[in-house]
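Here we start with a single chain on its own, the form predicted alone, put down as structure tokens.
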């Protein structure tokens, strides 16, 4: 493998060959620390999604998913948890009948007799490594997770396609046409970035109510299609496309839409890919707007549906963590396929 393609050589290279500078140390600390800060919560959520419900709230927490070992004991209807107990200096495996304060009632699981009282400080629970697959299967079979997933996929795909088309058309007009008020319109579009979402949420909801799109997936999609960030990103990239290409196409009698579709859009592919990634992340993770617009469970998106696992008196953390971790898969796949366009697309927006 060539030196430039060797990841070990890339990570261990220094500013001066054969010498380690303070900037090299700071760079390694920054990169390794930043990577750990990002990865540790994701790894923790992934491992916690495999734990039984009781283990998630256990303190002190464990890194790997474990479950208490239980055994059916004659004379008891429910299986009892097994504990390693120290009695008279000897360690035995006992089954716990009940716990009262700092004392626990224990019996021999093989030859149960009268319960004996044991100090909780003298006992440790018997556990084994386990994977709670029901955290994933229960929401898929007993709840409406697949419906939530279908709704989220529909909203994300349709909203992203409409966002790309609408913002590309606006960016094409603002970058390749000269007309009175062009800069004023662009500044007006960019200035909307400074308006907080909470300010326009109530008027936007009233418009959705007026057109009859409440509790409808289109009520989520349509108000979010026009994005000032998308217009700015695509306009700045389209400014780098030579005007001579468009003039040559006009000389060949190409229509304006054909110029846009066959020339401008293909050349803007890196910026479109960046906007597509942003749009997928926005739509997929959106919670507040769908929560306001949607009221029927059949129309809930994934993020709103996950909120249904949080009750008034209890929170089903095992289901929430499992489904949250599962919901990361689609956006991760999109990012992996389009990541090569990110640097090119963002860097190209500032070239002119």
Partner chain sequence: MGDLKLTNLNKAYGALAVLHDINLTIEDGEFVVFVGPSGCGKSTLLRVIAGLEDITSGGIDMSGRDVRQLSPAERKIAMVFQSYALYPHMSVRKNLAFGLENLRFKREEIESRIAEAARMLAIEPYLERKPRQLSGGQRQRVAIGRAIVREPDIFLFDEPLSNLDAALRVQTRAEITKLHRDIKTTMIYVTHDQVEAMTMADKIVVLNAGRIEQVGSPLDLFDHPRNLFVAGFLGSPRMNIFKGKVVSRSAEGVVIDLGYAQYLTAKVDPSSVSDGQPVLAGVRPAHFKVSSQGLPFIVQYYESLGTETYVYGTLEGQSEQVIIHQPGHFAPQVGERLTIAPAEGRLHVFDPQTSLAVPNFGEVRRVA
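It should be emphasised that the depicted structure is a prediction, and the values quoted were computed from it without experimental measurement. Positions refer to the first chain, counted from 1.
Beyond the structure shown, there is the form predicted in complex with the partner chain, which is absent from this document and is the topic of what follows.
- Although the partner is absent here, residue 244 is a contact residue: one of its heavy atoms lies within 4.5 angstroms of the partner chain in the model of the complex.
- Residue contact check for residue 250: one or more of its heavy atoms lie within 4.5 Å of the partner chain in the model of the complex.
- Contact annotation for residue 267: at least one heavy atom lies within 4.5 Å of the partner chain in the model of the complex.
- With a 4.5 Å cutoff on heavy atoms, residue 254 counts as touching the partner chain in the model of the complex.
- Think of it this way: in the model of the complex, the partner chain has a heavy atom of just one of 262, 71, 142, 99 within 4.5 Å, and the residue is 262.
- Exactly one of the stretches 118-126, 134-142, 74-82, 254-262 approaches the partner chain in the model of the complex with heavy atoms within 4.5 Å, and it is 254-262.
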